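Listed next as C-alpha cells is one chain, alone, in the form predicted alone.
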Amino acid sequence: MNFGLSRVLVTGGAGFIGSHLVDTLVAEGCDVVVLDNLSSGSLSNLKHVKDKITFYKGDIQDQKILMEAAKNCEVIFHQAAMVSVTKTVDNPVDSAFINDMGTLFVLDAGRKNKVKRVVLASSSAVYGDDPLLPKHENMPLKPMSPYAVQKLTGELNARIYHDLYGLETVCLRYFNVYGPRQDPSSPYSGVISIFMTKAVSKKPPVIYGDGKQYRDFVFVKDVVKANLLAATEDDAAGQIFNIGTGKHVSINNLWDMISLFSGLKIEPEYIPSRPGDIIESVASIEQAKSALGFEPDYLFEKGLEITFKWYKDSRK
C-alpha cells in the first residue's frame, strides 16, 4: 500500500502509537521528522530507525522548535499529549497547557508552514458514559474528565483551522489501543499492557468491579493504517472518525485469553469499581469505512498474540 507522502512530522513520535506510525512511514519511504520531549516516549522505541529519521528533542509548546520541525512538511500527525486521564484530573491546568495550547500551536505551525493536512489523535473519552451503543460520531458528547474536554477542544480548534484558515484537518477518536511498546507502568495504562505484565510475571491481575465491563480493543497497527488513510483520502478533510473494530471483549474474557497464552491459571483479584469507570464501550466505524475505506486487519486474538510475544521477549 503506497500512500505517496513525501515529508511528514510526527509529534510524540517516540511514544507507543507514534513510534509505530514512524516505522510504517519510514518503510513507505517518507522523509520523517519526529518531535518528542521524551516525557512519556522513549528513544528505545526508535532505535531501529534512528538513522532514517530527523529527531528533535523538544516540546510542542516550544513554538520555535515546532515551526522548525514542521518546515516543508506535507502532513503533521499530532500524537503528542498528556495521555493519562488521572494525571489530567490531578493537574487540570498543566495538562491544558500541553493538550489545549500544545494542539493549538501544532495547528498554527501547520497553517504558517502551509502544511497540507494535520491528522489529530482524539479519543473515545469525549463520549463519556452515554449508554447508547455503539458510539457514533454524531451523538451528543459528554466529556467527564479534563483529558476528555481537552481532546474535544482539540477537535473544535481543528474545525476552526479547517473552516477559517483552509488547513485540512482530520480527527481520529481512538478507542482502546493496544500492542507492543505500550507502557504498563502507569496506573492508567491500557488494561492489556497491565495484564500482559502480570502474566509474564506470573502474578494475579486486579480487576475493578465484576469484570463484565467491556471495551473495543483496536491493535496499534490498525490505528497506524487509519492515520495514513486520514492523511491521504480527499474526502476525509474536515471530518472526525471513530477508530476501533466495532467489536467488544469483556475484561474477564481478556484475562482468560492472556492466561491461555501464558499457560497460567491464576484467578484475578476483584476489587470495587472506580468512580467514573465506563462500563460498556464499542465503536461504530461505519463513517471510517465509508470515507476512509478503513477496515481493521488484525483479529483480536492475532493482535493479542503479537503483543504477548513482545511482552515476553522484552521481559527476557
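Numbering starts at 1 and follows the sequence shown. Source: prediction; values computed, not measured.
There is also a form predicted together with a small molecule; it is not shown, and the following applies to it.
- Though the small molecule is absent from this view, in the model of the complex it lies within 4.5 Å of a heavy atom of just one residue from 239, 157, 213, 113, which is 213.
- This chain appears without its partner; in the model of the complex, the one residue of 96, 89, 207, 152 with a heavy atom within 4.5 Å of the small molecule is 207.
- Contact annotation for the candidate site: 85, 147 and 278 all lie close to the small molecule in the model of the complex (heavy atom within 4.5 Å).
- The small molecule in the model of the complex comes within 4.5 Å of no heavy atom belonging to residue 199.
- In the model of the complex, at least one heavy atom of residue 251 sits within 4.5 Å of a heavy atom of the small molecule.
- A residue is said to contact a partner when one of its heavy atoms sits within 4.5 Å of a partner heavy atom; residue 77 fails this definition for the small molecule in the model of the complex, lying far away.
- Contact between residue 274 and the small molecule in the model of the complex is found at the 4.5 Å heavy atom cutoff.
- With the partner omitted here, the stretch from 67 to 75, 239 to 247, 165 to 173, 213 to 221 that lies within 4.5 Å of the small molecule by heavy atoms in the model of the complex is 213 to 221.
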